[in-house]
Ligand code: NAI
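In the form predicted on its own, a lone chain appears below as C-alpha cells.
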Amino acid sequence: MSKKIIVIGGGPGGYVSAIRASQLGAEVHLIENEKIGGTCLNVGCIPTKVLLHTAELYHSVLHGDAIGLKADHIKIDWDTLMKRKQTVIRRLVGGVEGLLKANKVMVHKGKAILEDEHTVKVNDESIKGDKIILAYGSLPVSLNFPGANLPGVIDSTAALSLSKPPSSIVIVGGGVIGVEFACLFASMGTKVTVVELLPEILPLIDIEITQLIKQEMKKLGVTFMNQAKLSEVKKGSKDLIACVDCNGREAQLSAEHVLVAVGRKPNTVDVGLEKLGIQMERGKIIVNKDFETNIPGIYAIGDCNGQIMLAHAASAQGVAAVEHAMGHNPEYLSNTIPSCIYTSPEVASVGLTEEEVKKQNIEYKVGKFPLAGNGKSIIENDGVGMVKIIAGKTHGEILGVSMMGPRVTDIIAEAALAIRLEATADELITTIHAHPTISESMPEAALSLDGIAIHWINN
C-alpha cells in the first residue's frame, strides 16, 4: 500500500519534495498559499538575476570602448525589462506546474494549518496523510526604526518591482541580498551606499575574497559604511534622509529609496506548530539529521528550519526528507553546499574558509591563483579575480574553495564534487581542463598549494 505524503509549500524545497515522493510511489498532495515556485522563482533568485543580467550587459556596453564596442544613446528600457522579468518567471513557474502535473501531484491552493500529526487543514478541507513535509520558506526580516513605514522604505520584494531605476539608494545590510542589489543598481548608474552593522560585508565568505569584491564594487561607485547602524529615516524636501550611526558619529544620507536587506526569517507563525508541540528555536523548526522534527513523521526542510537559506539546499533537504519518509537511507552532505553571489564579478565558495579551518585548529595549506594569469578571464573581465583552495596539510585533501571572477558560480560545482569525492589536490591537478577556460584556474590553484603553479610566478 502506497504512502500518502502531504507537502506544505511549493518553493524549491516543497515542489522538489513532492516530485521525488511521487517518483517513489507515494500519493502526493502539495499545498501552496501563494504562487508555485515560492520566493526563489517569483520574488527572489530568478527575478534578481534577470535584472542583474541586463544591468551587467548595460554597464559592459556603456564602458565598451576598451573591448571595441561603441554604442550611442544606450539606455535601459525599464518597462521592457520588467516585462521580460515576468515572462521568465511565468515560464519557469509554468514549467514547475507542468512537472507537478506530469508526476500526478495534487496541488491545493490555500493556507495550510496543522491539525494533528497526520492532518492538515486547507480552506475548509482536511487532508490526512502518512507523512508531512513542512516547507514554509521564509520572509524578509523587517527592522523597527522611526520612519520604517515611510513611502520609499522598501524590502527586497518591492525592490524588484520599482517603477524605474532609482537615482540613489541606501541599502541596509551587506549580506548576499544587499550586495547583489548594490551591484544591480550601481551598474545602472544609481548612487549606492551600503550600511552594514558588522566590520565587513559578506561575513560568511573568505575575508580575502570579500576584500577583493569590495574593491570591485567600489569601482562601480558603491560606497560602504561598516560598523554602522541605521537609526532613523526622515522625509526630506525631495528624497528620504537616512540617519546612520557610524562608529559613534551620525551621518545623514539623502536617497530616493532605503532598501532594508538584513536577511530573512523562517515563515513559521500561525500555522499550528505550537499546537502540535513541534520544537522551535527563535522561529526555526528544530530537526534531526533526516530533517524530521520531534514529532515522528513530520519533517521540516529549507528556510523554515533555518540551517542554510539557499534554494538548492532546500531542494536537497527535500529529497533527503522524502526518501527517509519513504523508508530509504538518504545521504545529505552539508559540506558540499555551494554559496553563490551574483555580484560583478561573481563570488562562489564551498566547504571551509581559511578563517574556519583556523578556528577548528586544522592543519592546512593555501593555494591561490590570480585570474590575471588566466587567458579566458583576461578576455572576459581583464583578469579580475582569484581562485583560492584550502587543503589538508598532510594528505592534500580539498577542504574548501573560494573564488571570485567570471562564471565562478558555475565552476564552483567542480569544487563541490571534489569535496564530495574527498579528492586531493593531486587529483585536481591530473584532471585535464580545457583551454581556454576559466576552469583551468582550479588545477593552477591546486599546484600553487606547493608553490609550483605553471602560469603564475610562485613566491
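Bear in mind that the values here come from a model prediction, so they are computed numbers and not experimental data. Residue numbers here begin at 1 and follow the sequence given.
Separately, the form predicted in complex with the named molecule exists; it is not shown, and the next lines address it.
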item	value
4.5 Å heavy atom contact with the named molecule in the model of the complex for all of K49, V176 and E180	yes
One residue of V105, A186, A316, V172 in contact with the named molecule, assessed in the model of the complex (non-hydrogen atom, 4.5 angstroms)	V172
The named molecule: the contacting residue among I76, M309, C243, M82 in the model of the complex [heavy atom, 4.5 Å]	M309
Partner-proximal stretch of 235 to 243, 335 to 343, 158 to 166, 211 to 219 relative to the named molecule in the model of the complex, 4.5 angstroms, heavy atom	335 to 343
Touches the named molecule in the model of the complex: I362 (any heavy atom, 4.5 Å)	no
A148 within 4.5 Å of the named molecule in the model of the complex, heavy atoms	no
Contact of D206 with the named molecule in the model of the complex (heavy atom, 4.5 Å)	no
Any non-hydrogen atom of A261 within 4.5 angstroms of the named molecule in the model of the complex	yes
Stretch 143 to 165 - residues with a heavy atom within 4.5 Å of the named molecule in the model of the complex	L143
